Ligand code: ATP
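In the form predicted on its own, a lone chain appears below as structure tokens.
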């Protein structure tokens, strides 16, 4: 049996939505009305890669493609804000789609005959460019859906319908911080790696940031997206999302989910804001070993001109002289080496065309007056 001949097998969620919107979809998600694991085990010419028994999901390799197949399942949120508990594997297709986040993600399409199944009005909501939750407790059960709504709004130029918006705003007035911040982080990454000023503006103005902190936040006056786009090819930041999220000072709830590198990116930016950078040497020494995201975040929260001056004018200035050169000049190794290099750097920052011969001359000058 081939997948395309299977009864009760449906494309589900994002792949159906994206096809209707005429957009590429990178994942092939299927759902089987019944037990997907048992179904996969009975398909010819299929390699089973991974099984998740509690959730009834299976990953297979068929026709050189990796495909996830989920059993239809019913679930309940025994603890709001945390992962749901599966109560039934092999429920009806309608019961399965009703556990999902938004109507636009709750459509199914038969693998066998391409018929679209739409129990919740997703087709109409796509036509009207609306994002609508499936029930009134949706944001209470899973607050990360608020961020997912923001992400989809930006990606597709959609907006929350009025009732969903009212429920979102009501929840944000009294957030339950006993939630999975790993899931919050995942959605923050996916949302702000889109590098969208519109997403950031909505995040602040609609107080979606309340998912992270109860503190009041005001919008930065800087166009972050414009700043990133200006330097993205020059500095190639890996974690664009941190430039946006890092504008929030109170990240205590999110902090346990951040890697040491992510924490350092943010803390270094705020440490730099406490310094008085009065000249090119101080600017250079402050930023020379910092990650690109740190410098961009500093620009947002403190001083754009200083950060841009470093990125545009100072970043690529390097002295050529090395410790080996100094030893060849019969200058014995000592702590004075670094002082000498800094002495030369100060000059080179104002004269980037300084040659290696001129640098050696400055080294002689330094050691003649400092030894």
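Residue numbers count along the first chain shown, from 1. Everything numeric here is computed off the predicted structure, so don't read it as measured data.
There is another form of the same protein, the form predicted together with the named molecule; it is not shown, and what comes next is about it.
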**Item:** Option touching the named molecule, based on a heavy atom within 4.5 Å in the model of the complex, out of 125, 262, 293, 101
**Value:** 101
**Message:** Looking at 105, 223, 159, 195 here, can you tell me which has any non-hydrogen atom within 4.5 angstroms of the named molecule in the model of the complex?
**Reply:** 105
**Item:** Partner-facing stretch of 22-30, 322-330, 41-49, 54-62, counted where any non-hydrogen atom is within 4.5 angstroms of the named molecule in the model of the complex
**Value:** 22-30
**Request:** Decide yes or no: are 148, 151 and 183 jointly within 4.5 Å of the named molecule in the model of the complex, with each residue judged by its heavy atoms?
**Result:** yes
**Request:** Consider residue 285 of the chain shown here, and say whether it contacts the named molecule in the model of the complex, taking contact as heavy atoms within 4.5 Å.
**Result:** no
**Message:** Is residue 17 near the named molecule? Define near as a heavy atom within 4.5 Å, in the model of the complex.
**Reply:** yes
**Asked** Quick one: is residue 164 in contact with the named molecule in the model of the complex, heavy atoms, 4.5 Å cut-off?
**Response** no
**Prompt:** Would residue 144 count as a contact of the named molecule in the model of the complex, using a 4.5 angstroms cut-off between non-hydrogen atoms?
**Reply:** yes
